[in-house]
Structure formats: C-alpha cells, structure tokens
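Below sits a lone chain in structure tokens, taken as the form predicted alone.
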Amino acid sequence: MSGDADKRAAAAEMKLAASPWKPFEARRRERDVKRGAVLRVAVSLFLEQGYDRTSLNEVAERLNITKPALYNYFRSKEEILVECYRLGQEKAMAGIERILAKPDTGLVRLRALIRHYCEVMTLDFGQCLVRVDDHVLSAPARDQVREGKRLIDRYFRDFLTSGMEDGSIKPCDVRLTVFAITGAINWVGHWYRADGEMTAREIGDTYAMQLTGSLAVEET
C-alpha cells in the first residue's frame, strides 16, 4: 500500500510542477500572431516610404523587438514582401471563390469581381500588389508572385468571355478590355484614403457599373 501511496504522491507532485513551456498549439497560435504583426508593420512601412528605403531595423523598432528576434519569423526582407503579396492575392481569391459558388451570368460575375477587387485595393496587402514593384524580388520569388497575379487576371478574362457566351456582355476584345478594367482598379490602390469621401464599398459599386456600362447587353 505504501508503494501505491508513493506513486500517487509522485503523480500529484508532477501535476503541481507545471511545465514552463506552453502546449504546442498555443505556441503555434502565438507565433502566427507575431508573424501577422510583423507583416502588418512591414507592409505599412513599404507603402509609407517604399520597399528599398525600409530596413528590417525599422520594422523591428516599430515592433519593439531586436532585429535578431525578427529573424525568428522571417529570414529576409524579401520573404516578408512575398508574404505580403501572397496575403493580398489570397484576399482576392477568397472573393473569387465566393463568386464562383453562385450560378450567375458572366456580367454579374464580372461586376462582383470588380466590386471585390476594388475593396481589396483599399487594404494594405492589396495596395502592396500595385504599389510595390515586384522587380525588387529575386527571379524565383518574382515568378511566384506573378503567377498569382496572372491567376486573378485569368478570372477577369473568364468572366468577360462567359458573359459574351451567355449573351449578357457585348462582343469585345477580351485582352484590351481586361487591361482597361484592371488598370482602372489598380489605381484605386494608389489614391484611396480611408478618410476619403467614398467608402470602399461605394467605390466598388461605382466602378462595377461604370466599367461595364458600355459592355452590358440591355435587357428587353
């Protein structure tokens, strides 16, 4: 009996001696939160003063950490920028997936994409896609980023093409039309201000109608 009592006492003592390390899931969540903070500060600085003029020392200072501590989350400034691009593209693709889930005409889908992409252009990570030149990246990283941009462009073309096929959009040059539409939307990322006269939603609604007004087939 004394042996069993000793075992129970030892087990109780072990429970009282709590591990100084957090459980794995808690540590992973904490790491993700800190990575997110690094990205938000970094993209803000990239937009504020440019990628080339932003140093990792400045990012670390804004976060009240040391530069070596920053390397626990990202190996380089380029890796941070690539992740900023990825997050912008991810936000765009999330909207595209929602659009694809509804059985709408090409025109309806194109307008929905214009609205959504306009809203993405009002976000820091969306603005990063158009305001930070990807020429600053190494060739492999640049190819990765441009592949994401081409995917988004493809959906603009697909929706425009499907609209012509289902009769909701007039025949047009797909390539030139998409250039015109995306070019106009990309500029939102340059001039938008959160304290401006129009909200992101209002800009999206206005662009959706103005950029497709001459393309839409009038219903009879």
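So that there is no doubt, residue numbering starts at 1 and follows the sequence shown. No experiment lies behind these values; they were computed from the predicted model shown.
Unshown form predicted together with another copy of the chain; subsequent notes refer to it.
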Counting only non-hydrogen atoms and a 4.5 angstroms cut-off, does Leu176 reach another copy of the chain in the predicted bound form?
yes
Taking heavy atoms only, is Leu47 within 4.5 angstroms of another copy of the chain in the predicted bound form?
yes
Is there a heavy atom of Ser168 lying 4.5 Å or less from a heavy atom of another copy of the chain in the predicted bound form?
no
Since only the chain is shown here, I'm wondering whether His135 would be in contact with another copy of the chain in the predicted bound form (any heavy atom pair within 4.5 Å).
yes
For the chain shown here without its partner, which stretch in 67 to 75, 85 to 93, 127 to 135, 100 to 108 has non-hydrogen atoms within 4.5 angstroms of another copy of the chain in the predicted bound form?
127 to 135
